[in-house]
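Only one chain is shown below, in structure tokens, and it's the form predicted on its own.
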């Protein structure tokens, strides 16, 4: 089966970059990314590629090369579905905020809406690819909807989970550790559909890096990978608290442990806690699935990873209050960083949101600088929590685009995203313009302790 037209429903952090790279690497295939969000599609089509809605190093260049050649962004979802041989579903699957499974289960309403729209529009056979992170056996539900509400056409459902990391998405897409494709490998049609997707990736990914499995293994592998990575972060963060009490240094512990080839050094960097759209959501999903099968011990085990992560954010914020003589009421606390990690403008589940919320409850005044996150996004993140009114958030939180202004007359600074530029700021100038004693809290282990203490800072770093 030769694929000529691809449609991707969802122009977000997964759909946009993935389709841009596929279009760049497969110039003979037309790739159309569709979304009902007109503002987002307009941003993807902006004449200045620096204004595309997602910041990822190298992404603007990829989009510039392929856009209007064989990469298109549109709000006409029906037309793109009709034309496509292969359709990626890459819509949001947030954690449910209502009803059964509230706070844990994945909300699949957008997936179902996609399936019903595809079923309504499709007039010929199509391959449907799950790109969103989904609970195990979602493919079964998709197939059920498509076959029972469609026009009698045949659909093959594949699972092709994304393993890219935000901040390095383009690099990860160009040279993936592995590409995982799950399908109905027991039928000829299923094998043919899997091969069609394999052939697309084969344009730039070596055969030995493409792994094919059944659909269920593919779906569960994605949840498992994120759970394992998050578990490592929570494990080293648990040790960081112990290090602070015993006089050990968490970086030294992590280095010693990471040199064991059975363990390895990745994801052993202690911090104020993990964020992002996947880790928490996927673990909660795993917990919910385990509970639904009555596997309570399995659920409890994975839930502890989330509990530890929440604890790390709370204790970082609590330590700021305690160090500032047990009150931050009316005090100016400067935040350097709001994105959940460097080299992305994604703020979903960012530790900064929860640290800010805690300090606002303690009546602090917060001033924020992040090189890539907009002022409106920061207010939207705080408003979404619903802890206080929108008016109060705007009166107590200020967002500026100059890190030196942000730190002026501050009682304390908290480093909450590991942006490279924060290492190279003129810290002596910052110190001179702060209230004394000048407190500096490094939530990302980014700064050199001795240097900052020599300048005069009261310095605190996690796990130290």
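All values reported here derive from a predicted model rather than from experimental measurement. Numbering follows the first chain given and starts at 1.
The following text describes the form predicted in complex with ligand UDX, which does not appear among the structures shown.
- Partner contact region in the predicted bound form: 228 to 236, out of 362 to 370, 288 to 296, 322 to 330, 228 to 236, criterion any non-hydrogen atom within 4.5 Å of ligand UDX.
- Taking non-hydrogen atoms only, residue 340 approaches ligand UDX to within 4.5 angstroms in the predicted bound form.
- With a 4.5 Å cutoff on heavy atoms, residue 275 counts as touching ligand UDX in the predicted bound form.
- None of the heavy atoms of residue 385 is located within 4.5 Å of ligand UDX in the predicted bound form.
- The closest heavy atom approach of residue 164 to ligand UDX in the predicted bound form falls within 4.5 Å.
- Residue in contact with ligand UDX in the predicted bound form (any heavy atom within 4.5 Å), chosen from 271, 156, 159, 334: 271.
- The partner is absent here; in the predicted bound form, the one residue of 201, 354, 279, 72 having a heavy atom within 4.5 Å of ligand UDX is 279.
- The three marked residues, 315, 428 and 459, fail to reach ligand UDX in the predicted bound form, with no heavy atom of any inside 4.5 Å.
- For the stretch 1 to 31, the set of residues having any non-hydrogen atom within 4.5 angstroms of ligand UDX in the predicted bound form is empty.
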